[in-house]
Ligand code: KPL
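So this first bit is one chain, no partners, the form predicted alone, shown in structure tokens.
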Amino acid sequence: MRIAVLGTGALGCVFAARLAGQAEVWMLGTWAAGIAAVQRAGIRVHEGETVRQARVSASTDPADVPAADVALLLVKSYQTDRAAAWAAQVLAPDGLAVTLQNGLDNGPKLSAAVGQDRAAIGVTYIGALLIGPGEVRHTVDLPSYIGVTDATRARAQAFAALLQAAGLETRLTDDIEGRLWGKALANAVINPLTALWRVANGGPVETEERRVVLRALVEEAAAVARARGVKLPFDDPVAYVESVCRATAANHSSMYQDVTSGRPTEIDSINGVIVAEGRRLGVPTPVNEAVWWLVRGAVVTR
């Protein structure tokens, strides 16, 4: 099987390095330094006290990539339009494009680019920290979920089996929207609050004052999900998000890393979508809207 991993950041490196032992892997992205590092020395993934070294092909030009059985999108949500177009370019006619990105609006963009029967929306709970070009630390090793339909089931099963063989636990589900919104609730808290307060993931549960904001964000987002008819994969949304904060307490969120580095963030695809859906469905989301604008104002892009 040939896999095209779109994305040269932390998650892209983890998935590409793990899959390299099971398939022909191409890494495709716009970060020239990252691609050059992979071309020169491969990918280095720090896992506990060990370092995994993997060789994969890499390019900044989708025209270099032979037809892929799977195109795996692991770019930031604000890069999805470009990555989806590249996926359409490199994907074999009977291939499958899979998104495991953060955010709530990547699936429709991918489906529009490659066709609904060649697109699968997924969620990953794997965490990683970018050390430098082509080098990452794998910090959280939890399952990924891929949504399936009758049209995509066989191809998704084959890809999931490959991920399993690579040591990346993967489960298929007929209700990916529940998983997608479940993760979005955690992201809607951890990402903006850690970025704004400059704290690690455990920071939002450290004081009662912070937990007040956490609860408000979660309760608003859960109300929007319920209004959409989404069945969340947990009974108590606030308890779930607090448990994620504690379980990943020492980690720094991707949005924290983006804001402190002056990079664009994925806030529009997380809290921004929650606010937009709330407006559409008549569900108030004032706290989500406040943190949405605060994070948008935290990074000046020109």
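Residue indices: 1-based, along the sequence shown. In this text, all values refer to a predicted model and were calculated from it rather than measured experimentally.
Keep in mind that the form predicted together with ketopantoate (KPL) is not shown, yet the notes after this line are about it.
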| property | result |
| --- | --- |
| Heavy atom of each of Asn102, Ile190 and Ser254 within 4.5 Å of ketopantoate (KPL) in the predicted bound form | yes |
| Proximity of Lys109 to ketopantoate (KPL) in the predicted bound form, heavy atoms at 4.5 Å | no |
| Contact test in the predicted bound form: Lys183 vs ketopantoate (KPL), heavy atoms, 4.5 Å | yes |
| Partner proximity in the predicted bound form: Asn201 to ketopantoate (KPL), non-hydrogen atom cutoff 4.5 Å | yes |
| Stretch in contact in the predicted bound form with ketopantoate (KPL), which is absent here, among 228 to 236, 211 to 219, 162 to 170, 190 to 198 (heavy atoms within 4.5 Å) | 190 to 198 |
